[in-house]
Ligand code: NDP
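This document starts with one chain, in the form predicted on its own, laid out as structure tokens.
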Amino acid sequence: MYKQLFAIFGNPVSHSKSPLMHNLSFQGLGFDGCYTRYLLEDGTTLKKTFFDLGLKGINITVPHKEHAYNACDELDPFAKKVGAVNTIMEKEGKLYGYNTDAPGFLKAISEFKDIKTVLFLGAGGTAQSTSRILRDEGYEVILLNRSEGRLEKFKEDGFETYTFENFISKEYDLVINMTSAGLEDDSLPAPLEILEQVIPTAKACVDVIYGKETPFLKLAKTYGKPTKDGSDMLLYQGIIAFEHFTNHQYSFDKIEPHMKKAFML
């Protein structure tokens, strides 16, 4: 049987740890697969690019998660519910879409205890899926975004939403940066005056960006807050994606030690 090819699509994508994570797991578990990265500049070409490259499966990162959703022929019930896809598999010429971000995220924040209210900074594809799964698990999720446009879907779904202009501060147990602010620069996910209102009363601060201490996390640490980057979320969603890639041949616990090595190198 020929080697199955997998990739991550995104822009930017050069920083992605996913190829190392998946290739270590393929190697460690003896699965004949190879995983690479692909800089996709135009999300509308996602489906064509997938087939042109002869891929079996992909992960999708910012800013293409909604394009990924639209490219699928079939959707997993949860992906359909949240309107965002970050994992795609090809089966008999059709693209099947899944969301592994949300369950991965839920597992990653489970270490923080007594969390009831969660403030999301940003309202993109990752926020779309994780807000739903957190609400389903009993958390109250509030969203703050630069502009009104992206908040419409959340409003329709009954979430409390704010823009920078109309934000009303209160106490939030967990403040989470859901944007790419700080990934390649020193920008913050919201105006400093807003962050200086919400961080001091929070129990912890989380950033979905991994592999670096972002300006947001640095600011949280000046207030003595426990912080967490996106490494665990990345690991857990990667394991769940790997389960799909290998047609559930391996359990979560079997995959985890191999994939975890990528964070130690």
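What you see is a predicted model; the values in this text were computed from it and never measured. Superpose the two forms; the largest set of C-alphas matching within 1.5 Å is the rigid core. All residue numbers refer to positions in the sequence shown, first residue = 1.
This protein has a second form, the form predicted together with the named molecule, left out of what is shown; the following refers to that one.
- For the options Arg132, Lys107, Arg146, Lys153, the residue carrying a heavy atom within 4.5 angstroms of the named molecule in the predicted bound form is Arg146.
- A heavy atom within 4.5 Å of the named molecule in the predicted bound form is found for exactly one of Leu183, Ile115, Ile142, Leu195: Leu183.
- Not one of Val13, Leu40 and Ile88 comes within 4.5 Å of the named molecule in the predicted bound form, counting any heavy atom.
- Across the options 167-175, 133-141, 187-195, 69-77, residues that bring heavy atoms within 4.5 Å of the named molecule in the predicted bound form belong to 187-195.
- When contacts are judged by a 4.5 Å heavy atom cut-off, Gly57 does not count as touching the named molecule in the predicted bound form.
- Residue contact check for Ala202: none of its heavy atoms lie within 4.5 Å of the named molecule in the predicted bound form.
- Contact annotation for Phe31: none of its heavy atoms lies within 4.5 Å of the named molecule in the predicted bound form.
- Contact between Gly125 and the named molecule in the predicted bound form is found at the 4.5 Å heavy atom cutoff.
- Contacts of stretch 199-230 with the named molecule in the predicted bound form, defined by any heavy atom lying within 4.5 Å, are made by Val208, Ile209, Tyr210, Gly230, listed in sequence order.
- The Cα position of Met259 differs by less than 2 Å between the shown form and the other one after fitting on the rigid core.
- Relative to the superposed rigid core, Ala204 undergoes a CA displacement smaller than 2 Å between the shown form and the other one.
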